[in-house]
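Quick setup: one chain, the form predicted on its own, written in structure tokens, and binding and motion questions come after.
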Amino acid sequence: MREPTWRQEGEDPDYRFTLANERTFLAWIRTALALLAGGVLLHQLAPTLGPRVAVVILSVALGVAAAALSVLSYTRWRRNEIAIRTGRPLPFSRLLVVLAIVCAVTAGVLTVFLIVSDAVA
């Protein structure tokens, strides 16, 4: 695999900054895997938690969010790496806001499912 051309820009940064950026990227990947695992578990282990269509939609949404987060985490890592190499400020990312919204919606829907399923049982 060839080295990307953006790695020719700027100067080699202190390796601690590069490793910190890489650790952040790996944390985003772990979060994406957790979203994916949540979607699979919801689909496979909680089919009667709520209306089946809603459970499937929520499971698929978690899988799509995991895929999007994986791609966005790479682009974020790359943008940060370029900024570090060129001495520019780190770019702003809306990734935190999007992830917070996905988690809040998922938690809200699951809470409603739990309340309704407990009231029915």
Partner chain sequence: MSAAAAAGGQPKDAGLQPERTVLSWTRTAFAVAVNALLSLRAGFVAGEPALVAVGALLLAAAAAVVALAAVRRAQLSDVSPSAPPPRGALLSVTAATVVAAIAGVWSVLAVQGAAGAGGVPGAAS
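Since the structure is predicted, the reported quantities are computational estimates derived from the model, not experimental observations. Positions refer to the first chain, counted from 1.
Keep in mind the form predicted in complex with its partner chain is missing from the figure; the text below concerns it.
- Contact annotation for the candidate site: L49, T106 and S117 all lie away from its partner chain in the model of the complex (no heavy atom within 4.5 Å).
- Using a 4.5 angstroms threshold between heavy atoms, I82 stays clear of its partner chain in the model of the complex.
- Interface membership of L90, defined by any non-hydrogen atom within 4.5 Å of its partner chain in the model of the complex, is ruled out.
- In the model of the complex, its partner chain sits beyond 4.5 Å of every heavy atom of L95.
- Its partner chain in the model of the complex comes within 4.5 Å of a heavy atom belonging to E22.
- Contacts with its partner chain in the model of the complex, taken as any heavy atom within 4.5 Å, map within 16 to 43 to R16, L19, E22, R23, F25, L26, I29, R30, A32, L33, L36, A37, V40, L41, H43.
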